[in-house]
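Before any questions on binding or motion, here is one chain by itself as structure tokens, the form predicted alone.
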């Protein structure tokens, strides 16, 4: 048995390869990005499996479905908010009889280190009535991924792997096992199971519900759900999930009496194990990162009176990441004294655009163009350009979700506000900004769209966009934007005044206009130069 030092993301990726993975699809999003980056490097070195970035999470999911439709094992990965984009195919894929194994890797971000919310993907798995595995270590990322593909093929459903930021981005030794061969290409034998016409869908839904008992039975016996009853301690039982087990175990040696402990790594919930634990103790403490997913369900599962504490009761904070100190307090242990560093003042370093970033020049031009107006509105999107909200630019006023800036600007303009400008990046525009722009074209909305094209998905590490800058202009024209009011400019410092004049002119135009400000991300340009030097 060999070993490798891997991130949680990398353990999941290599576990997929060793499970016989044939195809992997994703849209970059922290903390999930390293999953596909690992697979892309593996593909370059070994020629297999097929791995590719996609326009967005929904298209990625559909491509993975296509791979399992012909019997192959496929992985689709995304961050938690990406699952909102892929929710339509995800929910419906629970009804089709997945032919090859389909694993959906979702990286949640409790604490919102690089996200706009903390949503817990376990609710999506429960919503779709599919199985979910939740690794608590990098080794489990590897091992559970292998098993997730087997489960998907056994139960005929997609299986979710839910990890969180701390696990995705920490690294340790992982023991590897012999790889499994890929499935042969073989078309799904029953077409009806993939055609969700109402008659078929009703049968598929009943079939999915009938399989729930089998899934629970598997979960009760799964090695990932472990129950250890303490014979001499009937006071406290602890339920952990995911990486919370590490925080609990770190504090365990300081407890006078070890509590009974149930660790849950596989869902549906192991109901009998939970009831067995509850019958043994007077009080339960639930430790889970994210929402109180397990804690909320206990009330309906426990017949006998037992006190349940956790996030809902205030024993743990309702938001942010768990950590050993928070778990320590919930266990009733005294606060640990930290190390005090006298005389050291750490500088405050808020996030900001890179020095010389082309987006900064575009924002300077935009602010200059808006100077004649007492009030104005600038909606924005997710990405580097969101940093334009902070000084010295303070140039944008919204950041809700991918593609929202265009639709929000349309709504504000149609509500009677003027002037309205929307800002979006090149990759985000292709991800989900094109569709609302079609709406704006149809209505010839009185707004100006500024597409900041830095030729990279920069915030997640500089992944290449699905379409080069040279074709972005054609896309905008292709959906019907008036060529007289669609412009491409270079986001250089010397061009700020000219760009400001152009933006001002298009704001005064009564109707829709689009300006594409192009200049490569400084970081990706530097990386290319370094790689060119090494290659030479």
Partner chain sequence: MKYDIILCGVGGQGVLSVAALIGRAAAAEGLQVKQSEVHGMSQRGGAVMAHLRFADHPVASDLIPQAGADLILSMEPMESLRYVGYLAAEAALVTATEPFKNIPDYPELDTVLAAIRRLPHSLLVDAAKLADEAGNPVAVNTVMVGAASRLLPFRADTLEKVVREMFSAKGVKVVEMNLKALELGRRAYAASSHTCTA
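Since this is a predicted model, take the numbers as computed values, not measurements. Numbering follows the first chain given and starts at 1. Whichever C-alpha set is largest while still superposing within 1.5 Å between the two forms counts as the rigid core.
A second form of this protein, the form predicted in complex with the partner chain, is not displayed here; the remarks below concern that form.
**Message:** Going by heavy atom distances of 4.5 angstroms or less, which of 278, 459, 294, 408 would be at the interface with the partner chain in the predicted complex?
**Reply:** When the partner chain is considered in the predicted complex, the option within 4.5 Å is 459.
**Message:** Can you pick out, from 336, 257, 191, 282, the residue that has a heavy atom within 4.5 Å of the partner chain in the predicted complex?
**Reply:** Contact check passes for 336.
**Which of 465-473, 46-54, 30-38, 496-504 lines the interface with the partner chain in the predicted complex (heavy atom within 4.5 Å)** = Result of the contact check: 30-38.
**Prompt:** With a 4.5 Å heavy atom cut-off, would you call residue 324 a contact of the partner chain in the predicted complex?
**Reply:** Within the cut-off, so yes.
**Request:** Report whether the minimum heavy atom distance between residue 350 and the partner chain in the predicted complex is within 4.5 Å.
**Result:** Close contact exists here: in the predicted complex, residue 350 approaches the partner chain to within 4.5 Å, heavy atoms only.
**Partner contact for residue 374 in the predicted complex: the partner chain, 4.5 angstroms, heavy atom** = Although the partner chain is absent here, residue 374 would stay clear of it in the predicted complex, with no heavy atoms inside 4.5 Å.
**Item:** Interface membership of residue 343, the partner chain in the predicted complex, 4.5 Å heavy atom rule
**Value:** Taking the distances in the predicted complex, the answer for residue 343 is yes, it comes within 4.5 Å of the partner chain.
**Message:** Please tell me whether the candidate spot formed by 123, 126 and 212 is one where all three residues come within 4.5 Å of the partner chain in the predicted complex (heavy atoms).
**Reply:** No, none of 123, 126 and 212 comes within 4.5 Å of the partner chain in the predicted complex.
**Those residues of 155-170 which, in the predicted complex, come within 4.5 Å of the partner chain by heavy atom** = The stretch touches the partner through 166, 169, 170.
**Prompt:** Does the C-alpha of residue 348 move 2 Å or more between the shown form and the other one once the rigid core is lined up?
**Reply:** It does shift by 2 Å or more.
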